[in-house]
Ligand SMILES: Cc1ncc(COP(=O)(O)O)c(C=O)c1O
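Just the one chain here, the form predicted on its own, laid out as structure tokens.
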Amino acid sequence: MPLSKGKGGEERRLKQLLDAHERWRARDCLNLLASENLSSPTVQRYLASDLSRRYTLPLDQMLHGEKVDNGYAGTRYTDQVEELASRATGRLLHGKFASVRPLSGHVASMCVLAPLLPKGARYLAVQPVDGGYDGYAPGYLPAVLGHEVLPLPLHGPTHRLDVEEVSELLHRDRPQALVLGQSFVLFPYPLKEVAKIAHEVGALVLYDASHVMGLIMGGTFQDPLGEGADVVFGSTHKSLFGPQGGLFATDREDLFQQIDAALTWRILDNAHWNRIAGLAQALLETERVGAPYASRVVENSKALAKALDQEEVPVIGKDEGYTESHQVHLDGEELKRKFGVAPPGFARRLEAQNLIIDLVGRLGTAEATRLGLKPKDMPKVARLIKESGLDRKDVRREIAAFRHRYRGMAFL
């Protein structure tokens, strides 16, 4: 949009916009986005700490004849915060080496792919047509980093991996890496079998856990490093209830050294230390309450999917138990065929009633779980979704009353 000179009332307007957002999204809406979550008051407080305006520059070099490990003075506490966060990441992901410097899950992908795979390298990755992350599609990360991506096919509406097919692709194409991880994820991979085959042909196994990071750390989904992945990485604000950011972990010192050496002045500079302090708090909370939280998330997802099915809202995966993750997927084709509305239109109808879901027909239970909702609440949530999206009823007052029952936060 064209830019204009600032006006005296724009500061007031900015405050009005933020206040309106806080009232609407944080108080009145029931958020069922699979890509969002709630952070604790302590995490929020650390995000607003003095670290938000401080800087460090991790180094390992000589300056004026003296060996230094940081380009700035004044970092004695900042460095300890980072070390604490990295140690907690390693414990939760069962890795010996970890970093919390990546600014996002996408940047974490770059931090891992760029140093480990030379230009011209080929790797297998799930493509968007099969529920994969768009960043791994041709023209995005592969084009930026000079890699060639080969499609890793998944099958059926629940996006399942076929081990024999993966074996055939790995032996035929001999890629340098196999990248696992999806944006649409309901069930774990047969990771042990796939990793064994990948390693036999010399391929690294890189696991993008962006969506399921909180479930993995809670011991509910799967254990990537324990099941054969070489590096696990991803974002920190979906099923994990941290601030927005990224991290990675590995058991292999050689891979960690390759990645770590490619960070400063190459992929990253400053790492936003208030975010890292907030993430450290979220990780320590996860060590305390991650297991019951992750179990409750999956219970809520199953209960919501079943309740939606009973309300005749088309969902995917009934014959397979619906889901083992924080996600529930609408059957977009059936929704359009039976009710004449595609997922984007369905989502907009819900938004008008203060129910928030993805425009692609994906629902998530992580934030609702953090608010304190339980499986017994899911039939009511499903009914409100049905009445908002299919019956076109005005249920805003009922949604507001329901949402206002959950003003605190669970799993602290």
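Predicted model only: the values in this text are computed from it and were never measured. Residue numbers here begin at 1 and follow the sequence given.
There is another form of this protein, the form predicted in complex with the ligand, and it is not shown here; the text below is about that form.
task: Could you work out which of Lys336, His106, Arg252, Lys306 is the residue within 4.5 angstroms of the ligand in the predicted complex, going by heavy atoms?
output: Flagged contact: His106.
- request: Would you mind picking the one in His237, His147, His159, Arg296 that has a heavy atom within 4.5 Å of the ligand in the predicted complex?
  value: Checked against the cut-off, the match is His237.
message: Given a 4.5 Å cut-off on heavy atoms, tell me which of 258-266, 112-120, 193-201, 210-218 is the interface stretch with the ligand in the predicted complex.
response: Looking at the other structure, the answer is 210-218.
- prompt: Using 4.5 Å between non-hydrogen atoms, is Gln182 touching the ligand in the predicted complex?
  reply: Output for Gln182 is yes: heavy atoms within 4.5 Å of the ligand.
Contact flag, Trp273 vs the ligand in the predicted complex, heavy atom cut 4.5 Å: No, no contact at 4.5 Å.
- prompt: Heavy atoms within 4.5 Å of the ligand in the predicted complex: does Tyr322 have any?
  reply: No, Tyr322 is distant from the partner.
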